[in-house]
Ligand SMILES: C[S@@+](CC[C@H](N)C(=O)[O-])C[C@H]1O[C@@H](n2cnc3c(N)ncnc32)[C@H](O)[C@@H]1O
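Quick heads-up: it's one chain on its own, the form predicted on its own, in structure tokens.
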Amino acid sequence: MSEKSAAWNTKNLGIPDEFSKFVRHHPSELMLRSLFSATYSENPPQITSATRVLDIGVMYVNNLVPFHDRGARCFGVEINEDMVGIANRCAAQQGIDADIRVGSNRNLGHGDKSFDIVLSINVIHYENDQAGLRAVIEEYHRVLDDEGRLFVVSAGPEHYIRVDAKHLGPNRFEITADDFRRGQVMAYFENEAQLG
């Protein structure tokens, strides 16, 4: 298990082994505006029972809820078995039918063109460098259908995690913030041109 994977374990997340009390986590507001509202998006996707959605870093299943409510086929990946277990319990407690399995940014564990929508909300930066970011984008592209949509959120230059981070080179930042990621190296986009 990698250092980053080990950092995301049930102790760090403060989740009891018995998982006796479910705390609802809300979907990303930015995702809702971008993918569900014609007010904020020029061309929001049509979500139907044929829509296949993958959430990378699915954890509490919160970002799959609006897709599930519209009948979409829901999928998720998490970095280790402990987190897959948490995600499956969250899905069960909310009555969400989702295929959740172990996967990572670079190995999503699904076939080519398997999804109409791929969500990567605050997970793409769990790479070490520019080459890692490129490999992730290639993997996202591989599983996305030709007319599919990719929705990516990552920390920008003004985000607290990056403001004081030590810049190690192109797209490489050592986290100095006082949380469980302290000392880890993350890969962030340095400008909008790198997204193209």
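Please read these numbers as outputs of a predicted model, since none were measured by experiment. Each residue number is its position in the shown sequence, starting from 1.
Not pictured, yet referred to below: the form predicted together with the named molecule.
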Proximity to the named molecule in the predicted bound form, single hit among A91, I117, A72, V123 (heavy atom within 4.5 Å): V123
Which pick from N171, S154, T51, N62 sits with a heavy atom within 4.5 Å of the named molecule in the predicted bound form? N62
4.5 Å heavy atom contact, G148 and the named molecule in the predicted bound form: no
Partner proximity in the predicted bound form: I79 to the named molecule, non-hydrogen atom cutoff 4.5 Å: yes
Is there a heavy atom of G132 lying 4.5 Å or less from a heavy atom of the named molecule in the predicted bound form? no
Is G57 close enough to the named molecule in the predicted bound form to count, meaning some heavy atom within 4.5 Å? yes
For the named molecule in the predicted bound form, the stretch among 40-48, 123-131, 163-171, 64-72 with residues bearing a heavy atom within 4.5 Å is 123-131
What residues of 129-159, in sequence order, lie within 4.5 Å of the named molecule in the predicted bound form by heavy atom? none
